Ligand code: NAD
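Taking the form predicted alone, here's one chain by itself in structure tokens.
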């Protein structure tokens, strides 16, 4: 693995985290987005990561500033990828947007450049041909709060070159991730294949009025030793995301329970501004949620 220059395309929540984590581990990073306004928001978002690195990782002021110093920002795709050894794509989960992006990227990037998608719901084989270099394309998927939840799922498609696959596994380790190789395509990778059924089951229990939020979470935490229950996890994921997933599943399957879940999330949470941890309230109130209190797991 001989990567030095990394481009992250898409500077949303996770794109910004991927870019900063990569720079923190010593790589030169270019952040690409569609306009300068998006890049200004990215700079603000990335600046807000610095205190987290100091608090959670014990990083010094000099280290967090040096990481930022290894970053550059561009809204010109050809400029952003001119020297890229690896492009990590973290743009919206819309097939047409990704197809257009990869068609342009394939024509613009140097021949050496490897492409990786951070898509959580779409498979690399859906875009492999659009890239124009399917053998140099695969998925590299991160979890939110990447500096703490440091998983990197590396998933090949049938046409991915095994040398490329191994290089990206090594790159994931080099940026401080626990590298998790997947040898076959799997919607949801490993993490979401395990997590999503748990979150779905918890929401079904709630809308059936089997138990309340705290009791469901308490059950999971006491019985498994997990630090958070499913509703605390949903607060981290964000209620908007949970709503969009529930609504999409309702439309795709006709399952009335998914529709009830979506309706509940909309009326009781989204319409009331309770969007999860990011807004200070979702299923729990932050910064001191009840599930984190010392007596939560007691009788």
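Positions refer to the first chain, counted from 1. We call the rigid core whatever largest set of C-alpha positions still superposes within 1.5 Å between the two forms. Every value quoted in this text rests on a predicted model; they were computed, and no experiment measured them.
Omitted from view is the form predicted in complex with ligand NAD, to which the following refers.
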Exercise: residue 93 in contact with ligand NAD in the model of the complex, heavy atom 4.5 Å: yes
Residue 218 within 4.5 Å of ligand NAD in the model of the complex, heavy atoms: no
In the model of the complex, residue 198 touching ligand NAD (heavy atom, 4.5 Å): no
Close approach of residue 38 to ligand NAD in the model of the complex, 4.5 Å, heavy atom: yes
Stretch in contact, per heavy atom within 4.5 angstroms of ligand NAD in the model of the complex, of 166-174, 130-138, 107-115, 84-92: 84-92
Sole residue of 233, 34, 245, 270 within 4.5 Å of ligand NAD in the model of the complex, by heavy atom: 34
One residue of 186, 72, 144, 224 in contact with ligand NAD, assessed in the model of the complex (non-hydrogen atom, 4.5 angstroms): 144
Heavy atom contacts to ligand NAD in the model of the complex at 4.5 Å, residues of 11-48 in sequence order: 11, 12, 13, 14, 15, 32, 33, 34, 38
Is_shifted residue 28 between this form and the one not shown (CA, 2 Å cut-off, rigid core): no
Core-aligned C-alpha movement of residue 237 between this form and the one not shown, 2 Å or more: yes
